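The form predicted alone is given below as one chain in structure tokens.
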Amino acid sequence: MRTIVKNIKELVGVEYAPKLRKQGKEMAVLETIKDAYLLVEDGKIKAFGEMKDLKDDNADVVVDAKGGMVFPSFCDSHTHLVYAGSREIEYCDKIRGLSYEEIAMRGGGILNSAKRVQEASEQELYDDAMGRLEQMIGFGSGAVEIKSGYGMTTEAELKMLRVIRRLKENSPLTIKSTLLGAHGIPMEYRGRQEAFVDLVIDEMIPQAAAEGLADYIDVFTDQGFFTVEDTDRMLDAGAKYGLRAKIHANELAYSGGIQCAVRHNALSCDHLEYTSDAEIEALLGSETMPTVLPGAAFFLNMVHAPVRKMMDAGLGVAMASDCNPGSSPSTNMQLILSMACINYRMLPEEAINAVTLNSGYAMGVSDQLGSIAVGKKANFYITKPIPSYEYMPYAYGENKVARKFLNGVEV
């Protein structure tokens, strides 16, 4: 099928020589075309340019953008989208002054969600998650990575991963799945943490791999959770089954998680509130994408990762929603874009690259998504009439998306 989008006020995020990611000063480079068209053929971008250069306008579908802008769809590279129930009571506990760790130590937090997931049916988890995916599409997302991690038993972790597989099969979004068996330590394993690590290595990883349920493996490497030594063991085990690493690191303390991520050639290391010169030095020259989760830092009132320092040192940065019931209950990547500018002092150009191309890299899809380039998958959205691309992060309280296209088809 051939589709032409005409009368685009500005086509944002175009690439003539596509890159897998942007780093350092490249983060501030955002190419656009004003008064543009976009040609899509069989679900992929065929051509684009200025309206005056559009010679062949024969198409099965002609879309008039009516002066709206066109952006590549967001890539949300870190979510915990499959879960059962909300945790607003813990939210009130946080308001009263309890810390993340205090809530976890008394059986709340991840353990609370784990109990609910263990009790929920696969169909219930699927239905709830599909509703969240539809919300994401409405806000302009076109790709999402979804982690397990609220199972904490082999049976429940595999149940979550099977739900993610069904979501892949039935959603127009591009979806990647991650085994996060080591998200927290079950109460019955407190004081014998190594035995739970053995469970992840001996049961969860082999069984998930045998069913082809996971693209990646993740570990929560941080104070009060899993040690670097634990992480080394689990990531080594995952690598034997072809599962590349993605690590939760340095959200709560200088845990060594970032250096661990680099040693294991992790695709991304995420959170990064506690990042010093040593961590930045470790990341430089690596293939690991630093990924910041503004929603969690905002919701938990945490320190902000030193994003400007990272970029000035030559690193790229990705941003993702961390959608989850405990610390970032939002599917809205437009809000993450705004937080990137407001809380992390990123320029709009840097922030847009962080939530599109670089977040695509952080989930392994930037060769196909994250920018407007010939041959890439046609995932994009048309905005309502807005004055400039800077308006996207500026107007943080409104949904600027008018029409959404995934795989070249309007959804």
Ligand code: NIG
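The model shown is predicted, which means the values in this text are computed figures rather than measured ones. Each residue number is its position in the shown sequence, starting from 1.
There is another form of the same protein, the form predicted together with N-(iminomethyl)-L-glutamic acid (NIG); it is not shown, and what comes next is about it.
Heavy atoms within 4.5 Å of N-(iminomethyl)-L-glutamic acid (NIG) in the model of the complex are found in exactly one of 325 to 333, 254 to 262, 233 to 241, 310 to 318, that being 325 to 333. A heavy atom within 4.5 Å of N-(iminomethyl)-L-glutamic acid (NIG) in the model of the complex is found for one listed residue only; from Ile164, Ala305, Ile110, Val144, this is Ile110.
Taken together, the three residues His78, Arg87 and Phe220 all come within 4.5 Å of N-(iminomethyl)-L-glutamic acid (NIG) in the model of the complex, as judged by their closest heavy atom. Proximity of Phe74 to N-(iminomethyl)-L-glutamic acid (NIG) in the model of the complex: non-hydrogen atoms within 4.5 Å are absent; the residue sits far from the partner. When contacts are judged by a 4.5 Å heavy atom cut-off, His183 counts as touching N-(iminomethyl)-L-glutamic acid (NIG) in the model of the complex. Residues His248, Glu251, His271 are the members of 243 to 273 with a non-hydrogen atom no more than 4.5 angstroms from N-(iminomethyl)-L-glutamic acid (NIG) in the model of the complex.
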